[in-house]
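We begin with a single chain expressed as structure tokens, specifically the form predicted on its own.
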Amino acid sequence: MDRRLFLQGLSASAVAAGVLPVTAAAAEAQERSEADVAKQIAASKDSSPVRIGIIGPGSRGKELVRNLLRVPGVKIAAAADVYEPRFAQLNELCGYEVAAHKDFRALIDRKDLDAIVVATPLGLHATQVLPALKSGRHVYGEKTMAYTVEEARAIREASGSKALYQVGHQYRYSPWIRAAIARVQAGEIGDVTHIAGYWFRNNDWRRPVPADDPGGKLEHLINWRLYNQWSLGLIAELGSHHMDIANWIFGANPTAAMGSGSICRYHDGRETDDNVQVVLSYPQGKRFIFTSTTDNAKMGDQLWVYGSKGSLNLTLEDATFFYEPAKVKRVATGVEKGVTTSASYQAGGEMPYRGPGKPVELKDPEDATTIAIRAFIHCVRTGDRPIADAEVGYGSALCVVQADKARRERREVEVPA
């Protein structure tokens, strides 16, 4: 048997058996990461009252409310929405009547709120987040932070110790993602130069609209993700999470973006593309590549982090490390001989990783959104700075906005600082 192939097989077997040890630095980094999150979710041990107002109690808004209601002492005191059926749905979820406002400004003007949650379409984020912050209330704003770079800058500048801002990048709080990235930053897989993100689905991303919809108002209200006025499409709604993780791992924001996309399957009047591809350039030649489709779910949602010593696979449920096969070192003999080559090609070194890899082990990890919401309430009560703060939101917004600009203009564009 070829010695090189034998050594590769031996290395693969070691990985499959889980015998490759985690370095001391990586283990310490993982423990430190878990401790950081533990501090931020301490809200569960404090039941002091926190009154929340929510702007946009739709599908995502109600999911945030479900998690808010699990935190002791939290009450949903008021809601604002332009679609009246949302109020009855919210009351049923809370089990009590929540004060309803058709105009979000009336909610912000209330004096009995400690914090405000904004879960409306992206095109409205800055319009609602900025006055909420300026009112002195802490804000949890869904991603993407803002529709334009200028709006994102304004939100970053408006947030501070008196009015905290936490962006809805819940994967910053995901235990397996935090633990894995801590190990990457401690050198577990060597120098990371490339990250690839996939978010594949097989559905049209369309929601049902009542038959009685004069002027198509409900169509744009309910299916806002399909229209340019409110949405930056797949890049914002899905890619933003992966772009944020790329910023996190590389420790920097990108310097340039390229993007493409098209409507190739769902010719139903939508304006946003049903497939997109993005390349972000980072300092030192590093790259992040994202692709998303809506007519094939094979890849699902996953991120691959490639380093010189190994790779990391992140999903919505777990994190798994894979390690590069050991390289064979030539031993000098002092005798130079001619090299004989054969016509056959050995594929062993070009095949993808096999085997289960080495999963990140954690004790009873919680859902990322649950942790993010508990952490937000902790910050409201204590004034601690959120993990997913305005700087995190700003960095991700830069990626999204400029990648979308590159897609529209079909050219590489600069990402500003």
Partner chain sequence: MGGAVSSLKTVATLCLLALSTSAYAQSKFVQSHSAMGTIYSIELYANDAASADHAMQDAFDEIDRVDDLLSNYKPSSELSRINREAPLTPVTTDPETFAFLQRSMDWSRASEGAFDITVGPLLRAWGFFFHAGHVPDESRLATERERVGWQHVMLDARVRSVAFADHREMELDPGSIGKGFAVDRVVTLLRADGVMAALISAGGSTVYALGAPPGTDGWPVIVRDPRDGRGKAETLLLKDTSLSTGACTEKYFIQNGHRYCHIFNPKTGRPMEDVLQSSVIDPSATDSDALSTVVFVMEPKAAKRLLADRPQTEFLVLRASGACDSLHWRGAICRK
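Computed from a prediction, not measured in an experiment: that's the story for all the values here. Residue numbers count along the first chain shown, from 1.
What comes next is about the form predicted in complex with its partner chain, which does not appear here.
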Counting heavy atoms only and using a 4.5 Å cut-off, do P72, P208 and R374 all touch its partner chain in the predicted bound form?
yes
Contact stretch among 86 to 94, 294 to 302, 118 to 126, 139 to 147 - heavy atom within 4.5 Å of its partner chain in the predicted bound form:
86 to 94
Is G58 one of the residues lying within 4.5 Å of its partner chain in the predicted bound form, judged by heavy atom distances?
no
With a cut-off of 4.5 Å between heavy atoms, is R354 one of the residues that contacts its partner chain in the predicted bound form?
no
Hey, in the predicted bound form, does D364 get a heavy atom within 4.5 angstroms of its partner chain?
yes
Can you work out whether E157 and its partner chain are in contact in the predicted bound form, taking contact to mean some heavy atom pair no more than 4.5 Å apart?
no
The unique member of D191, D204, D109, E271 whose heavy atoms fall within 4.5 Å of its partner chain in the predicted bound form:
D204
